[in-house]
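Just one chain follows, in the form predicted on its own, and it is written as C-alpha cells.
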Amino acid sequence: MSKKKVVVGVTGLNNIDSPGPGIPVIRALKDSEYFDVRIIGLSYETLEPGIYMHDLVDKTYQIPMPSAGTSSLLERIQYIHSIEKLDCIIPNFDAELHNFIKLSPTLKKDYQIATFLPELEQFESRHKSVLFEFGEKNDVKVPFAKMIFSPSEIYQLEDKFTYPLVVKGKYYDASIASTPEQAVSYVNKISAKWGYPIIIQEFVSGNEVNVTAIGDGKGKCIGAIPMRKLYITDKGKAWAGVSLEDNQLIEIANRVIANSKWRGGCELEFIKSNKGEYYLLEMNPRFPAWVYLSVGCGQNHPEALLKMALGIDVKAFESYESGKLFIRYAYDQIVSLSEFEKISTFGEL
C-alpha cells in the first residue's frame, strides 16, 4: 500500500542542550508507515539546528515571535501555505500555543490546514499557576503552590511554605531554593527571562518520572509511555532515560486525560515521593523533547496525532515496551555561511 503524501509544518527546531520537541516529532513522522511526509520547518531563530538538517527538514521558513500576536502569524502562514500547501501544523512550544489555538478555526475553515490542539480553556486549566486546582479537579495529587508578582512577596510566604521550596517560571525553568535569599535570587533570574507571575511550589522529595501521552479530546488516552531520567543536564533536561513498566502511572495518566478530555500531545511530570505517592509537578501542553522514545517503545505518538488531525480513525495503543533507553548526543553540523545568510536575509531556506 502506498503511503499518504502530506505536508506538515513543525516548530521547535532548536535541537540544542535544552532541546525543543520539533526534531524528535519530525523523526517520528519520517518513521511513519502510513504517511509520506514533507516537513516544513517553522523557525524563530536563525541558529536553530533543525533548519540545516536537510535529511529531516525539507524547507524552513521563519515565523514571527509569539509576542508579535496572531495577525502577524496568520499573515506569515498564508504566505507559506501559498507555496507549500500545508496539510497540518504541529506547534511544539508552550509560549506559541496560545496563538495557534486561537488561529486553529481560521486555519481549518479558510485554508484547510489541520491542527490537533487543546481548547483554550483546557490549555489555560493546566497552567503552572493553577495546577493545584487542576489536580483537585482531576483527582491527582499536586504539590501546594502559589503565584507571586514580585521578589518581596517571598518573605510573606513563610507561614505557607517550608524550605526547601521550588521557584518556577510561567513557561520554563525551575530551581530549588534553600533560603529566602536564594529564592529571591531565583525569582529575579527567572522573571528576567520569562516575566511574571512566578510560581512558588512545595518541594516534594523523591524520584522524577515523566509520561508522554496523547488524548483524543473526547476522554480517551490514545497512548502513554512512562520514563525515568537516567542522566540530567545542569538545566534539568533529560539526556538519557528509560521506559518504565508502571501500571499505576499509566492509570493516573489515563485518568488525567479522561477527566480533562485533553486533546493532543502532552507531557506529565511527576515526583514519586519517598512514600511511593505520585505528585503531578507539571502538565506540559505539547510533546516532550524525548517523544521519539515513544516510537522506540512501539507507540508512534506524533503519527497518531497527525492521523487524528486529518480525521483518520486511531485506536488506542494497548501495549508498549519497557526497558527501552534513549541517549542524546551532541553533533557538530557543518553549515555553509551562504545558507545562514539566506535564512537570515530572506527568512526561508
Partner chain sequence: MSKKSYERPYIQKLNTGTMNKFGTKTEYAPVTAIEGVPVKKLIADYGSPVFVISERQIRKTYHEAVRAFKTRYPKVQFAWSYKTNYLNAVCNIFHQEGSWAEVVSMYEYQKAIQNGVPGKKIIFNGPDKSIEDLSIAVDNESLIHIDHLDELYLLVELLENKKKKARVAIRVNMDTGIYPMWDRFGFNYENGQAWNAINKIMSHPELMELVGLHCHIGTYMLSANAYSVAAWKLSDLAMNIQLRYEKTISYLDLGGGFASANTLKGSYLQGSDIIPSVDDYAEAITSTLLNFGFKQENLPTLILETGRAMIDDAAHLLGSVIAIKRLSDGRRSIVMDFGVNILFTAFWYNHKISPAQEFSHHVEDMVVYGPLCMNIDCVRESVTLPLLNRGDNVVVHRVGAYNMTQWMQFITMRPKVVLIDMDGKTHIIRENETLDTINQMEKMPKHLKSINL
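A quick note: this is a predicted structure, and the numbers were derived from the prediction, not measured. Positions refer to the first chain, counted from 1.
Another form exists, predicted together with its partner chain; not displayed. Remarks below refer to it.
You can rule out all but one of 158-166, 260-268, 94-102, 207-215: in the predicted bound form, only 94-102 has residues with a heavy atom within 4.5 Å of its partner chain. With the partner omitted here, the residue from E45, E321, E318, E33 that has a non-hydrogen atom within 4.5 angstroms of its partner chain in the predicted bound form is E45.
Of the listed positions (V37, I63, A289, M53), a single one reaches within 4.5 angstroms of its partner chain by any non-hydrogen atom in the predicted bound form, namely I63. Remark: I343 counts among the residues lining its partner chain in the predicted bound form, judged by a heavy atom distance of 4.5 Å or less. Of the heavy atoms in K229, none are within 4.5 Å of its partner chain in the predicted bound form.
Its partner chain in the predicted bound form comes within 4.5 Å of a heavy atom belonging to G195. Not displayed here, its partner chain is kept clear of F132 by more than 4.5 Å at the level of heavy atoms in the predicted bound form.
Residues of 236-269 are not found to place any heavy atom within 4.5 Å of its partner chain in the predicted bound form.
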